[in-house]
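Only one chain is given next, in structure tokens, and it is the form predicted alone.
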């Protein structure tokens, strides 16, 4: 049975931790093939929202539907076929090679005690190629740079062949070159594979330049939900960030971007 409608639907989500309200009445819809960024100041609830989608945190109110079904009705294996996740900080001391790490993305499809199938190996090969990691395939994770490691985790998530890729601050600790490579990879995956991307980021410029839909949280509430062009207006941003921002027009994207004051 194919599901028509949003792939992820959040309805009236609230979450309090230790008496402090972190999310209040958050609602949003993500459609298949969308590239959605979640932005907002520190402490706005961005990562908390992602953790609710991953079932790491249980909301105190509201519900999350994935492909039309309640999130809690999925087994871990079923959910892994719909949602994949790239965490913010990536453990550098993992005792695996790049190709072993990417193969782990296939775990939702493994049959107990059966050897790894030819199809699984082929998917891993294709994924290493797509992410430009073929040369690094046999390298231990511990020997890679932060940018290379980030690409390995994205590759593992892609090998999972889930419909949605959830990312928490995918470019935070990377230099400009690796930031650009990761952004290019995500845009390409979204366009060519049709993967739905949901990325939490504090970098509003990157979000505006790459996503098609942006949700901004402010103090745990949805302060904006719409297209980048609508968000990148001084008065809209000032309301979200409680601060006037200086903007210029990007030289190639024809979109206003924020510049340091």
Partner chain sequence: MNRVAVLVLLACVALAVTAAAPFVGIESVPLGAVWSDQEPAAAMVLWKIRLPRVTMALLAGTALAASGTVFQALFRNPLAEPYTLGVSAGAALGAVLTMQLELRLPLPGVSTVSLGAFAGAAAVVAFMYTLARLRRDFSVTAMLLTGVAISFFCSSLILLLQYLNDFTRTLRMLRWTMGGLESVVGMADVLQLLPFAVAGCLVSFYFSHELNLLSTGEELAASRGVEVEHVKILLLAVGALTAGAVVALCGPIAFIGLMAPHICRLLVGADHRRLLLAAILLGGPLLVVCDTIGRTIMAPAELPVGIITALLGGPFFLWLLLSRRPAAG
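Since we're looking at a predicted model, the values are computed, not measured. Positions refer to the first chain, counted from 1.
Beyond what is shown, the protein has a form predicted together with its partner chain; the following relates to that form.
Think of it this way: in the model of the complex, its partner chain has a heavy atom of just one of 134, 180, 187, 116 within 4.5 Å, and the residue is 116. Proximity to its partner chain in the model of the complex, taken as heavy atoms within 4.5 Å, picks out 46-54 from the listed stretches 214-222, 29-37, 46-54, 64-72. When contacts are judged by a 4.5 Å heavy atom cut-off, residue 91 counts as touching its partner chain in the model of the complex.
When its partner chain is considered in the model of the complex, residue 149 lines it closely, a heavy atom lying within 4.5 Å. Although the partner is absent here, residue 191 sits far enough away that none of its heavy atoms falls within 4.5 Å of its partner chain in the model of the complex. Its partner chain is not shown here, and in the model of the complex it never comes within 4.5 Å of any heavy atom of residue 125. Using a 4.5 angstroms heavy atom cutoff to its partner chain in the model of the complex, none of 13, 22 and 41 count as contacting.
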